[in-house]
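Next comes just one chain, in structure tokens: the form predicted on its own.
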């Protein structure tokens, strides 16, 4: 009971501080805000992004150029936050080797077992649709810096395809294709891919995630195209982590950490 009181106080105090801080923000859509108007004698940040983004990056999608280049450092740590959320759920829920855990009995009692005949229509439909979904997810990832899409969106679609497979049959069917070991490794690799672009840039004497310096390694015509290709690379890293963590969260939540049977 006492822990609930402290938790409630912490939420109320933190929420109050955040709400107080919001009062200093400019009004929504204010044309005179620093982001819109800039400082006297210089171009505003938003105006610079709109007018100079394509020249700097050769990426038609303004959103992608901002997320993966101008504020790429922030986006990398957004990916780390997603990874940390998945690992936190894993640490709290995952049950390993404890046959006496009461959750195992509850999952076995609640498992739906009505024969495979009840899943023929849903299962067959999903087996046909899932490859199409995955192909579309790869398109969204690969084409995200030229049209709406990117690593986060494509990763969610790709992760959802494995969840659909688990729901249409059972979790074991999805785990045979995307095992716990596989999605853990892929989640880590995704972050390492993103960070590698920054580290290599530093080794070549530039700032972290300053993709233009990677031109000799990427065999591009200029630093602008190096930035474009690098953004595709980091989007692939984001997609790896998002796909793996999304499916990992579902697998652990749906089985109370047992990774058996599922919903």
Partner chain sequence: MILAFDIVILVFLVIAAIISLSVKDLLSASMIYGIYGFLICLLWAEMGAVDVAFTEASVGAGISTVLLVATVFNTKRKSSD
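What you are looking at is a predicted structure, and each value in this text was computed from that prediction instead of being measured. Residue numbers count along the first chain shown, from 1.
Keep in mind that the form predicted in complex with its partner chain is missing from the display, and what follows is about it.
- Residue contact check for residue 28: one or more of its heavy atoms lie within 4.5 Å of its partner chain in the model of the complex.
- In the model of the complex, its partner chain sits within 4.5 Å of a heavy atom belonging to residue 153.
- Contact check for residue 86: every heavy atom lies farther than 4.5 Å from its partner chain in the model of the complex.
- Put simply, residue 95 is far from its partner chain in the model of the complex: not one heavy atom of it is within 4.5 Å.
- Comparing 224 to 232, 190 to 198, 55 to 63, 205 to 213 against its partner chain in the model of the complex, the single stretch with non-hydrogen atoms within 4.5 angstroms of it is 55 to 63.
- Note on the partner interface in the model of the complex: the residue among 186, 157, 171, 76 having a heavy atom within 4.5 angstroms of its partner chain is 157.
- The three marked residues, 148, 163 and 255, each reach its partner chain in the model of the complex, with a heavy atom inside 4.5 Å.
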